[in-house]
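One chain follows as structure tokens, the form predicted on its own.
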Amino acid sequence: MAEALVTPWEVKGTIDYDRLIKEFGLKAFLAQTDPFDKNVLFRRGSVFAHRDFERIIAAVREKKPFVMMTGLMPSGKFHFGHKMVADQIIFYQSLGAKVYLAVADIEAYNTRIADQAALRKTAIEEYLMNYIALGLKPKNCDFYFQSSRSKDGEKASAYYRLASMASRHLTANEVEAIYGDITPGKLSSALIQVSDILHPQLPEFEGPCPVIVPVGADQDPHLRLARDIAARMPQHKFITPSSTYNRFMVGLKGGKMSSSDPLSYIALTDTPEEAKKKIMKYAFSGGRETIEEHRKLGGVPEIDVSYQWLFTQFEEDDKKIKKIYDDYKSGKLLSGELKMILVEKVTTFLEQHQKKREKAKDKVEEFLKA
């Protein structure tokens, strides 16, 4: 078993989520919390841990203002792994959250791609258009680029001032403890992300209020740093930001889905034919080597990628997913048949989604006015 590595810049190996909860000081997520139990990602444990989520539950139940803040890395295709966070963004917006959605183009420039024009193009065509097609609304949504926070001078100044002043409140030893070996570019990006997380509570924006940041566990160092700095800047009266952590969506070939490996994911711009080919050829199977053996011993849904994708995103009916599990486990359902169930679900989704993407082109400018 490969040793796991989970950092903001690299994830590899077999992830032990119980171990992450202990190492990062998280709390296991309470799956049956209303109204979050109505969302399949929360109900089935894709969102597996949190920090201070009680504040968000209270804000939702009491209908008080709160902010959902998260970011996107504009460095590749938008795939179903990214959709997990997008679905949460849209869900929070439906619960009344003000959405702050940051394009991490400064971090991408410093750590990945030194071409700001390409980063902006990817952010809009791969991410924003997909968010809109998935249901993101311009009302109550602040979509912005780190490199160009706002056309409002007071807001822009407040954002960049916070990033600069935050540096006073941490030490080199703390940075090394959180990030390990860190370059100046990574440090600059980290401070900008601290501002991303905390600035919604500045008086130029919403003022002090609960903020929820849904991320993958690899982004937790940014949350830890922001929470520590929030406590050291009492003049702002920040409410310590809350966070939730979702499991990494398994790639087609097993292991973590990777944007650098097109055969590990299905992009939301892939054609249904391309998606079917990838699933049938590359989706790791939990079936047996022969039909006879499979009928006798049954499949292993826990390691079968098609089942995992259905469980995570594509079959929301709890009774139906249980039947698929039981039939596969018993050997009644074959691996090829299981793959075809997923193919049909993905095909239907892509056909509908790509029509919505075309319509989304006309709505992009509504998100770029700030």
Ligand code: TRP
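The model shown is predicted, which means the values in this text are computed figures rather than measured ones. Throughout, we count residues from 1 along the sequence that is shown.
Keep in mind the form predicted in complex with tryptophan (TRP) is missing from the figure; the text below concerns it.
- Picking from 274-282, 229-237, 70-78, 294-302 the stretch near tryptophan (TRP) in the predicted bound form, with a 4.5 Å limit on heavy atoms, gives 70-78.
- Site annotation in the predicted bound form: the residue of A123, L202, L191, V213 reaching within 4.5 Å of tryptophan (TRP) with a heavy atom is V213.
- Screening S264, N110, Q219, N246 for any heavy atom within 4.5 Å of tryptophan (TRP) in the predicted bound form leaves a single hit, Q219.
- Proximity of Q146 to tryptophan (TRP) in the predicted bound form falls within the 4.5 Å heavy atom cutoff.
- In the predicted bound form, A104 approaches tryptophan (TRP) with a heavy atom inside 4.5 Å.
- In the predicted bound form, the residues of 173-203 lying within 4.5 Å of tryptophan (TRP) by at least one heavy atom are, in order, Q193, D196, I197.
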